[in-house]
Structures are given as C-alpha cells and as structure tokens.
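Next up is one chain by itself, shown in structure tokens, the form predicted alone.
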C-alpha cells in the first residue's frame, strides 16, 4: 500500500505527503499546522527568517497542532558583498526602483541570516524534522541533529548529489526534478546540465542510494503521486500545489497568477536572487535576462532585490514580484490545506485502484 512505508513510519505521519518549505512568507504557521493536522508533514520555510522569527513561527505552529512538522533552512554560501555591482545590472534595477517610487542604490548591510543562530533555534525548539537545501550539512550539525533524534532530509537534483547526501549521513533525500518551482537545490555544481526531470531523476536516485527517496517537482495531484510511487519514491513533496491554499501567505496577486498560468509560462532565472529558480516569467526577469552573466551571486543579488520585491508586493505590481511556481502550476486549486491533502489522498487511491483493475 502506498500510504504506509519507511517514511510514514519514521516521520510518524498518516500520509506520505510533504508540503515543501517555501521561504519568503508563504509557509505560514497556519499552513504548516493545517497540513500536519491533515496527516501530512507541514514544513516551515525559514531560510530568510531571523532566529527570533523562527522561534515565534515554530511556537505558533505548536499552538495549532501537536503533530510532527519540519523546518527548512538553506546551507550557507560564502559571498563577498563588497564587490561592486556591474553598472548594467545596477542601471536596470534602479530603473525599476524609479518606476516603483523607491530610492536608488539602497544600502544593504546583511546578505543572509546567521546560520549558527538559525540552527540554535532548531536545537532549542527540538523540531521533529529538519530539511535543507543548497548543499551538505557540516558534520557537527548533522551529529547534533542525530544526537537529539531530529530527522534530516537533504535535497538533491542529480544522482551525484544524492550519493553525497547519503554519504554525509542524512535520513532521507528529496529528489528535486527540474519541473519544480522555486530555487534549484543544486550544489555539485549548479549548472544547466542538472536540469533533470522528476520522472528521470527519481528512479535513478532510488537505484543508487539505500535511504528513502521523496519525489519533488511537478507533482500536483493524485496522478503525480501515483506516478512517483511507481518510480520508487516512498513519499512526495509538493510546493506549488500548496501556494494557492487559503492558509498560504503568498501575495493575493501571486496566487492569482499561479492559478491563471500555463505550462509554458515558467522559466528558470537568476534575476531575483542570483541563484537558478523557476518562476512565472515577468518583466523583471526579461529586463535582467541580457545581463545574467553579470549578476552578483546568491545571496548578494537576493539581498539587493529585496527592496524591489517588497515594494512590488505593496503596490500589487506582479511584473516586479518573484512568483516561484512549477511547470504544472495550472493544476493548482483554491481550497484549504486540509481539503487539499484529503483530495490528494482520494485521488491517489482512485488512480492506484484503477491501475490494479487494468
């Protein structure tokens, strides 16, 4: 049966359905708790949160559910924010700032939240599950997580990355296909050659590692879940599907754009963050596309565009808003997270039963 396996037993959840840890305010405590209450595993996308914000959100989740949940963070990357931004890039971004009516060349003093402080909250709050992306955890972090009984999930976009994650000692691997929305979790290295689709990636990773694999990327309904299990995955992770839920913190115009998009409307861009990410194509991406090779790396570019994204959200200007979404975004639905989990379960059951009859 697809419902009960090594992952559900280890995570202590009813259904092998994980809500992706989408950073940036989408994964509200209400959303995370609702998914967990429905029998899945909700995930707090805490990559951009300060330690204090993380602590508040985790406690807000616990006030709403006693079920297991996860916290997701980004493996820190070295950066040099002192390097001058290319004039061509600066010029385009200042032009956008002028259209939004905000100051040019804002001073940026912090490019990323201190990982040490974020991890301290993970330990202090004794979160049940810790997932991460953009690399491999340092041995000291993984050792303490294991000592505290916290389950770990790493993100891989290639077989090589999956093998590296297994060797590091993680408990499970999220195999992120290129169809998925948001940032690519690539780290060995981040290049165009790692754009492997979920259907090709999952079975290859399953055949090369001995730990459970979670399929992610382009999965929106029971058909996708059934297909992932046929490929050897023991769970699925959905992000875009939960973006349009009632409890999601995504901007209303962002939700509308996701519901109205098409299979050809998403592209992979570095414009907003300096790291490859899939989202709904808009004017900001188009303006910076000719200057891609000049963009500062992540997390510098991400910090430099924060004022633009914040102003665009306040002014309902989706042309300058980062709207991460997967290639199957048009299959999204507007309902509560609990209703979505129930629908996914019912659909998967129907697909599996239908296949057995053939």
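Fair warning: this is a prediction, and the values are worked out from it, not measured in the lab. Residue numbers count along the first chain shown, from 1.
Below, we refer to the form predicted in complex with a further copy of the same chain, which is not included among the displayed structures.
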Query - All of 267, 349 and 355 with a heavy atom within 4.5 Å of a further copy of the same chain in the model of the complex - result: yes
Query raised in the report: Any chance residue 81 has a heavy atom within 4.5 Å of a further copy of the same chain in the model of the complex?
Result: no
Query raised in the report: Is there any non-hydrogen atom of residue 247 lying within 4.5 Å of a further copy of the same chain in the model of the complex?
Result: no
Query raised in the report: Does residue 127 reach a further copy of the same chain in the model of the complex if we count a contact as any heavy atom within 4.5 Å?
Result: no
Query raised in the report: With a 4.5 Å heavy atom cut-off, would you call residue 89 a contact of a further copy of the same chain in the model of the complex?
Result: no
Query raised in the report: Exactly one of 238, 153, 201, 71 has a non-hydrogen atom within 4.5 Å of a further copy of the same chain in the model of the complex; which residue is it?
Result: 201
Requested in this report: Go through 51, 331, 313, 60 and name the one with a heavy atom inside 4.5 Å of a further copy of the same chain in the model of the complex.
Outcome: 331
Report summary line: In contact with a further copy of the same chain in the model of the complex (heavy atoms, 4.5 Å), from 239-247, 142-150, 215-223, 94-102, is stretch 215-223
Query raised in the report: Out of 138-161, which residues reach within 4.5 Å of a further copy of the same chain in the model of the complex, heavy atoms considered?
Result: 158, 159, 160
